[in-house]
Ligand SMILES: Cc1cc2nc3c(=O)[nH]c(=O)nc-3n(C[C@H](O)[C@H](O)[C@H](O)COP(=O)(O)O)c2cc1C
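Read the single chain below, which is given as structure tokens and is the form predicted on its own.
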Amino acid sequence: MKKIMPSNYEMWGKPKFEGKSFLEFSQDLISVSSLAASSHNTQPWRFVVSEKSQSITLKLNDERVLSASDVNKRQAIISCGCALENMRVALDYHGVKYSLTINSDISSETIAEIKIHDNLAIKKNKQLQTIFDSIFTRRVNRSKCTDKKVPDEFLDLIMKDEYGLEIRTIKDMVTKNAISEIQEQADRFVLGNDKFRKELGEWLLPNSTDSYLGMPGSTFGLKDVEAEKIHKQLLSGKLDYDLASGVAVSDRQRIQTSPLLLVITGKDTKEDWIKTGCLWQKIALIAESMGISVAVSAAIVEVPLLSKMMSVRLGTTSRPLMITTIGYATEERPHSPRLPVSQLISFTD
């Protein structure tokens, strides 16, 4: 008997782009974009479609910006960059000509505008098939890694960076240990702060959740009882010390066991945040296509003191914008739920 997919996971199906009007095609593009990674799975994006100008405008949804842990909207805008990259991959794979304009004005909710320049005649680029398919299987995996090394081919592919950012690669155990200690401090800081802890509890959900947003505990490797317990404790502010320590230790071990760490650095501007999201999503899709797992350590970036410690450790004046573990996970982890297109899209003349 075929297993019925819960409604909050239906978006993970692959749409068919061929033979559709611009409006239908746009909705398929948006469904693909929404499968991108986002901080706490907040999905902080929305899309405005204009049939007249044949354009799709990606905007930040302020209502889903994390008010405690993302006061500058950095992580939300990086997340929107991830969604933008998924859209670019889908357009490039289907051979659709388009132009892209990034909006670098921090006061504007607009992230980017994509204009379509042809009649949507599909001419698939078979070389991008594997990367496009990876959109539908990609997920963050926070488990520990095996000792299997990441192949040089992976690094060759991700270093072809068209975004003007710097990618630091870290393999030596001394530096990984140092970064793992910074990560543990970041976790303890977050879990020790009432506002951060409650916010995390609002987004780290029981495994049985029917929410279209947030992170089921299973994505952290938590069993049903554990996920329910930590969700309630986070919200109540009465987090068990051993449980909090376990989260911090788990993150430290993930960094220590990962054969490769990547740190994306750049300017602390809206434009570089968007480009960081694009670059990270590209890295994640390449990794997925090669059976490699990725996970993000966002707390280090968002805690100012620890971000500075990270810069000092790397010997750079640039700001760390994304820290990612890369490796072969010891456990499989599920997808997170996704909002339907109808809640992400609006239309304009």
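Quick caveat, the model's predicted, so the values are computed rather than measured. All residue numbers refer to positions in the sequence shown, first residue = 1.
Same protein, other form: the form predicted together with the named molecule, not shown, and the subject of what follows.
Subject >> Heavy atom distance at most 4.5 Å to the named molecule in the predicted complex, all of 26, 91 and 136 >> reply: No: none of 26, 91 and 136 comes within 4.5 Å of the named molecule in the predicted complex.
Subject >> 4.5 Å heavy atom contact, residue 142 and the named molecule in the predicted complex >> reply: Heavy-atom contact with the named molecule at 4.5 Å: present for residue 142.
Original post:
So, in the predicted complex, is residue 322 in contact with the named molecule at a 4.5 angstroms heavy atom limit?
Top reply: Residue 322 belongs to the contact set for the named molecule.
Subject >> Close approach of residue 75 to the named molecule in the predicted complex, 4.5 Å, heavy atom >> reply: Although the named molecule is absent here, residue 75 would touch it in the predicted complex, with heavy atoms inside 4.5 Å.
Original post:
Given that the partner is absent here, does residue 82 sit within 4.5 Å of the named molecule in the predicted complex, heavy atoms only?
Top reply: Within the cut-off, so yes.
Original post:
With the partner removed from view, which of 36-44, 285-293, 49-57, 306-314 is the stretch that lies within 4.5 Å of the named molecule in the predicted complex, judged by heavy atom distances?
Top reply: One stretch meets the cut-off, namely 36-44.
Original post:
Looking at 163, 212, 98, 220, which has any heavy atom no more than 4.5 Å from the named molecule in the predicted complex?
Top reply: Of the candidates 163, 212, 98, 220, 220 is the one lying within 4.5 Å of the named molecule in the predicted complex.
Subject >> Contacts with the named molecule in the predicted complex - residues in 268-304 whose heavy atoms fall within 4.5 Å >> reply: Heavy-atom contacts to the named molecule in the predicted complex: 296, 297, 298, 299.
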